[in-house]
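Let us start with two forms of the same protein chain, each given on its own as structure tokens and named structure 1 and structure 2.
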Structure 1
Amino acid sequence: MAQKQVIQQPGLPLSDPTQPSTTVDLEIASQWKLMWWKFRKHKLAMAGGIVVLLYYFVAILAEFFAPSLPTTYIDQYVFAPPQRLQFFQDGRFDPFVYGYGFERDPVSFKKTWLVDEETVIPVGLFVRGDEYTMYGLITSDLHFIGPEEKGQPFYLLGSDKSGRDIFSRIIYSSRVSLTVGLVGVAISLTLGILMGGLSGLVGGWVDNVIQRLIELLMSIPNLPIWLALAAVVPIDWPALRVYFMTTLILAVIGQYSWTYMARVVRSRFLSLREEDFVLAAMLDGCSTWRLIFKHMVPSFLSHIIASVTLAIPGMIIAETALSFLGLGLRPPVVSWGVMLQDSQKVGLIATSPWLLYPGLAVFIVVLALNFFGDGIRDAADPYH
């Protein structure tokens, strides 16, 4: 919110010296407004923010945006290459894809996919397809995009080893992979604020112990411990429990875990303690709680938000890596890492490189989050 303040400025302007005083309107912008102005100037950050919002939007409505269910398969289309979406037919806008044909090498008997230009599969927006139930509430079969006739092969990013649509699975995966970032950061942030705040506020031996603990956790290589801990998760656990366990592991140990948050919070607390306005509030007889929540927290909230935005991509990458190695989330859960498991077999990526598309999804969202986070961090820093 912007407040208007009227400042008396005597002697301005002087075109009429007999009237010595006049008023000038000065707008006093709030911290958030200033941040928004600064952020808006950062083009890449804006673009990053839009991409991130788009990702989360699609993830929320995954059932609608995915052309098929993650489990839908057509067994004759195994490892089918991506189809090119054609927009114009006979000179007018009427999107379609070509069907598949294949030939077998007479010697090796290997199957090679071909584009069958004879078969035209019409594609439409808002088509009827697989039936789904969204969040246990809405049952529908409406899909944003898909073949007009249900059951036709429609593989914009190719198909996997069971003939499932990689595009649809990437969309469903985003729900898991993106929330791992959010949930993980939420846990690490809670822990971090608690420990960092304690460290910065109490000081003394408490600070010392927490600092040693953080140093200790930071000097252990993350991946081996993650793997070892993930290996502990029993095979027969339900998917949701595995999901939370994995997230918890990432939030407790690692580069972007609570140790990172705690360091951010602590250093903010320490530097704020030196600030004049905090001293002024203290001298005014401000109570400790009021001091923390009214004066200190608002002034570093922006830093926390920036750190959170920069920690989310770290979490996403970590989950992807763990699942990729087979020690994080497991099928039937779909996440980008789980999907990438298929590409562990060297021969497969050589013949079906589209199996790497989930990696592209990771790359784009991590890039966008980094731009976005950098923008917020720059905007949050009042001294630049």
Structure 2
Amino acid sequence: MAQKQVIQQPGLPLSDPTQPSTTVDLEIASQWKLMWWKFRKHKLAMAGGIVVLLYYFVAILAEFFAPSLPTTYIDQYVFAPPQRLQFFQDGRFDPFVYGYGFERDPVSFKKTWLVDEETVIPVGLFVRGDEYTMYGLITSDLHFIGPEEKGQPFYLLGSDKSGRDIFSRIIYSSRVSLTVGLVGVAISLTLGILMGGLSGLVGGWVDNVIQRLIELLMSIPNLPIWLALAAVVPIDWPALRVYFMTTLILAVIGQYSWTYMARVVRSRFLSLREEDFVLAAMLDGCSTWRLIFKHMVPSFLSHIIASVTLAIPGMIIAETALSFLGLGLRPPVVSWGVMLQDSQKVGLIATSPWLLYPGLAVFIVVLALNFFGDGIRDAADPYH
């Protein structure tokens, strides 16, 4: 009786029981399992995925993870520098931060911050602080980290021009900036599949009209049209309406708008519409919408997922840039771009460089999303 030949994937140890070890494993494995086997070999993509999941997890529970509310301020600690978190005191684990002291120049009256080592502020986990209501459902004052005594200064990343905690505001900002990417990509994905599917499947004059519309939108410079649309948005609009308007602008005319996805979908539909399973569905009386969303789109769903993961960081950067220029979200909305508005003055950055920390948060999440998307894109073709 012939023995079954063992085929080992290149670069994988023979002793790893989680890897496919036989031709049967490779033949019966689903596409998603093959994608997972290939994706987890991409170490940077795995690390990026963990960072992205951590960002979104913290954003979902922003009220709990932030030491204070984004509006809480202590006016005597305006532009206070970051406090260094100390973990050990008198040879035992007892987290704390030192208090602040300052002195003024007798001529210019400029304030210079000092570390007051005589003032010790105990820091704890799961402490009581500012009261909040999460999603309008859960009211609590429990915070993951913060000073054990409410009202004490606790600025791990420094404070802003109003004495508000930058670390807490970055956490709250992540909820807005990260969801702009998700909502914007969801809108552009829906429009792209719809318009690209019609263009590639129906063809004829429908294809010509949609393609000319795409070319028209792609030929418009982004910045001037953003300026024009931002000028149209009334200044007295509520924050939620401005949020959705900004997201809609990015989804319709941004660099990663629906036009890019529509062209990708059209090219795939042009190659798929001659396939046997598509012709069989047509002969069976399948409607156009069912043919697109039930039969054709799932056949290249992995490619769509890869495109989405690479488009989200573009949306995040676009929203940050718009808000930084004052064209997108505006205070009292808290986003990374709105926070970076305080860093537009070079002299202020020279004395308070910690105002740039929201930009570091953008850099980390965009880099992680690009690594994650790159791994998804490579894994989308598991047979390669």
Partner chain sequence: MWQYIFRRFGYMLFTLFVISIISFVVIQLPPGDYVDTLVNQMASESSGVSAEVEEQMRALYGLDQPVYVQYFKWVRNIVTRGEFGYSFVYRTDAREIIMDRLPMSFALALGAFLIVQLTSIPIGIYSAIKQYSIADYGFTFLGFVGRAIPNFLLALVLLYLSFRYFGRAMVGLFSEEFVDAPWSIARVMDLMRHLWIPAIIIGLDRGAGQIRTMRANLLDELNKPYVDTARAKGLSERRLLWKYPVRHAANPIISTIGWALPEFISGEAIVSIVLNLPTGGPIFLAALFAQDMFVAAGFILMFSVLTVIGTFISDVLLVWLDPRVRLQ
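For residue numbers, the reference is structure 1: its sequence is counted from 1. Model, not experiment: these values are computed from the prediction. Basically, rigid core = biggest C-alpha set you can superpose within 1.5 Å across the two forms.
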Structure identified as the form predicted on its own: 2
Same rigid block between structures 1 and 2 (residue 187, residue 75): yes
Smaller rigid segment rotation relative to the larger between structures 1 and 2 [°]: 28
Rigid core superposed, the C-alpha shift at residue 286 between structures 1 and 2 in Å: 8.9
Backbone CA shift between structures 1 and 2, residue 295, after core fitting (angstrom): 4.9
